[in-house]
Each structure stands twice: as C-alpha cells, then as structure tokens.
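Below sits a lone chain in structure tokens, taken as the form predicted alone.
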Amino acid sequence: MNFLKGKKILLIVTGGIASYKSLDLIRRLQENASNVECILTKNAENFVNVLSFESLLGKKIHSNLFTLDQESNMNHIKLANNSDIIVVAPCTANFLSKMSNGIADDLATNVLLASNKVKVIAPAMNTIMWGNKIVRKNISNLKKLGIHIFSPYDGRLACRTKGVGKLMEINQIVENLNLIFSPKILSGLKAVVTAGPSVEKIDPVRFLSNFSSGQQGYEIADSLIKFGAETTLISGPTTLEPPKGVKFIQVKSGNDFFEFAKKNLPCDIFISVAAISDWYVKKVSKSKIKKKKSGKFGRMDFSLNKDVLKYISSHKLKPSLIVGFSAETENLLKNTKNKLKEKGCDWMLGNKVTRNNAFSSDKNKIFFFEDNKVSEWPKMKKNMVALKLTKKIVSFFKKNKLVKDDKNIL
C-alpha cells in the first residue's frame, strides 16, 4: 500500500550525528515515487557532505535564507506552499526547541512558520537530553500544535551510552509517513479494541494481575484510527498515552472489561488484545491480610471471569469481524488453534511469551490463524504488527464489499 507516490515531501535535515541517515531516507522516499526537496541547516552541513545530498536528489539542496536569488523568488514561501508534508529528520533538541517557541532565524524555521501543511519530526539525541524536562515540555507543546512525533528508539548511541534517543529506523519512518497519507478507507466503521492487563483485588493493598504492557492493543487502536475507523479503546492500567482521536475507557477488573465491551455493542470490528485474568477472587478481604507465623497465606477461593471474547462472538449483535489474541508459553500452534475454535471468533493471533517477545518487548512474533489456515509473520515491532493486521482488516471489508473498493488502495 504505497500512499507516498507523487507526494511532495520537504525534508529538513538538522545537525546531529544521525544526519547521514537522511540520505537513506531520501533514497527510500524516491523508491516510493515521492518528489523530495531538501533543506540542510548550517549545523547539518558540519556533519554531512552537501554534494552527497545533491547527487542523490539530482538537484540543489536549500540552505540559505538570504541569498539574492532565493529571496527574490520568495523561496521560503514557495517551499512552504509547494509541499504536501514537511519532515524534520533528524530533529535535534535545539531545533525542536525553536519549533516549539516559534523562532525563525534561518531558512528551515521560516519555512515551517510559513507553512500550514502536515509537519513531522523524528528526534535524535542523547538519552539524558531526550528525558530532560525542557525537551519533554517542548515535545508536549508540539503534539498539542498537531505536529506528528516519530519518537526515537532505545539503542546504543553515538555518545557510547545506551538508552532512548536513537533516530527511528528509516524503514519505520517511511511506513509512518505512508500511514499519514493513508486514505480513511475504514471511515464509517466502528472498532472496539481491548488492551492491557486486568487487576483483580485480593485485599486493599494486593491484587492479581499480569505483565501485559498494553502496547500492542494501543498500536492497533492507533492504526485503525489512521485508517478512518471510529475506535474505542478499553484499557486496563498501563503507563501508555492513549492514541490521538481514540475514545478511551479506563477499566481495572475483568468484569469491567466485560461490562464496557457489552456497552460498546454494536460495532463492526472487535479486537480482544487485553490480557484479562481468567480468575477473580471470590471474596475480597476488607482489610490487609496479615502475614501468619506459619508463612502460609491462607485459603483463597477463585471464580472464573466472564469470557469477553466468547460472549462477543456469540452475541446477537455480533460484529462483522472479531479478532482475538492468544499469549502462550508452550504448544503455541495447538493451543491457539483450539482457542480460535472455542471462542468462535474469526481470526486469532498467537504470540509466544518469552523473555524477548510479547509482554516484555516492543516486538511480537505472530502466528495468524484463520479457519484452518495458519501463516507465520516475521518478528516485528508492535506498530508494524498493528499495520499488518489493519491491512488484513481493510482487505476483509473490501472483499465483503463493506467499504469502498478502490483498486489503488490495495
């Protein structure tokens, strides 16, 4: 699904050690048939060779606001108006501060202020800088202004430290830009996504839960929104920020998930990603259960939580497409296949819980089950899993003629 074809993209390269990666970004955008213009800031020219950029672009780069030829043609206004999107990659802490505060002291910042087009920044910096309160405040301000933030990754940095601050991978930047231009083909459809863990109280200070981060469900909700679906996210306790545009419902217990899933019927798409506890404590203690000399916790009776996925799959208002997730530690294929049949849903995504996958990672290794067929997906970032699943959802609704069939989309 290439939505970048023919798009006019203005790339601003600022002065950081990751500046050289912008050459690869230009190449990838050109491969997607995008028309790329480029501004190099003066600081960027200290890190990269102008000739390399001009050779790859096949045209001159832009850099100086005050050259006679550029100014006589009001070049900064033309650059601002003639682009479909402006991308700053990499974006340094200094440059995002200028953007946040409306400073216009060079060509790049003047273009940004003179443009009402879509704007994207892909920050890259030292991990301590990324966590600095001033930088966080500037990022928050830019989000409020509607600027897309392609957050940096965790990894080994040029300053020989490890942490968050590494420029987002180029292929991921391209995918995200592609999503920004994606048509809202799922417009008119209502989606409900559950995410995160459930919390079952034992006493006023203890609870039964699991290690689900909620990230996969949040990424799926975000992807559905970008494709136009009216999306409700029902989430257990997480540290994540809800995707922009989602109807967000915060819950705790398995019964909360059940009640709010039921309340949000009817819907067209239901995706059950939440790790809801199978059991809840039958009788919650009103006071803290004190430690006994014997070391034994004492008797505790459990009851089964209501099965949200099974309930939705058998409801008279059953959605057109129901998708479940199966997190397993062993016998993944067998258990996921059995779960698909037992729950009665349309698709089931099986993911094996290991130290480097699923709950404890920002990546997932998925086995996709549909009817009696299973396909293995490569291990990928959770946002890429979300994109791949969304593409399959689009194909499903097109096949069943429930959305407009545009041959240029898929």
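Keep in mind that what you see is a predicted model, and the values were worked out from it rather than measured. In this text, residue numbers run from 1 along the sequence as written.
A second form of this protein, the form predicted together with a small molecule, is not displayed here; the remarks below concern that form.
**Q** Heavy atom within 4.5 Å of the small molecule in the predicted complex: which of L179, A93, A327, I147 fits that? Just give me the one.
**A** Among L179, A93, A327, I147, a heavy atom within 4.5 Å of the small molecule in the predicted complex occurs only for A93.
**Q** Heavy atom within 4.5 Å of the small molecule in the predicted complex: which of T41, S361, N383, N32?
**A** Partner contact (heavy atom, 4.5 Å) among the options: T41.
**Q** At 4.5 Å between heavy atoms, is L402 in contact with the small molecule in the predicted complex?
**A** No.
**Q** Using a 4.5 angstroms cut-off on non-hydrogen atoms, would T14 count as touching the small molecule in the predicted complex?
**A** Yes, contact at 4.5 Å.
**Q** Just to confirm, M129 within 4.5 Å of the small molecule in the predicted complex by heavy atoms?
**A** Yes, M129 lies within 4.5 Å of the small molecule in the predicted complex.
**Q** Does at least one non-hydrogen atom of M125 fall within 4.5 angstroms of the small molecule in the predicted complex?
**A** Answer yes; at least one heavy atom of M125 falls within 4.5 Å of the small molecule in the predicted complex.
**Q** Tell me, please, which stretch of 117 to 125, 217 to 225, 230 to 238, 310 to 318 lies within 4.5 angstroms of the small molecule in the predicted complex when heavy atoms are compared?
**A** Single hit among the candidates: 117 to 125.
**Q** Work out whether the Cα atoms of K244 and L167 come closer together or move farther apart in the predicted complex than they are in this form, the change being 3 angstroms or more.
**A** Closer is correct, given that in the predicted complex the C-alpha spacing of K244 to L167 is reduced by at least 3 Å.
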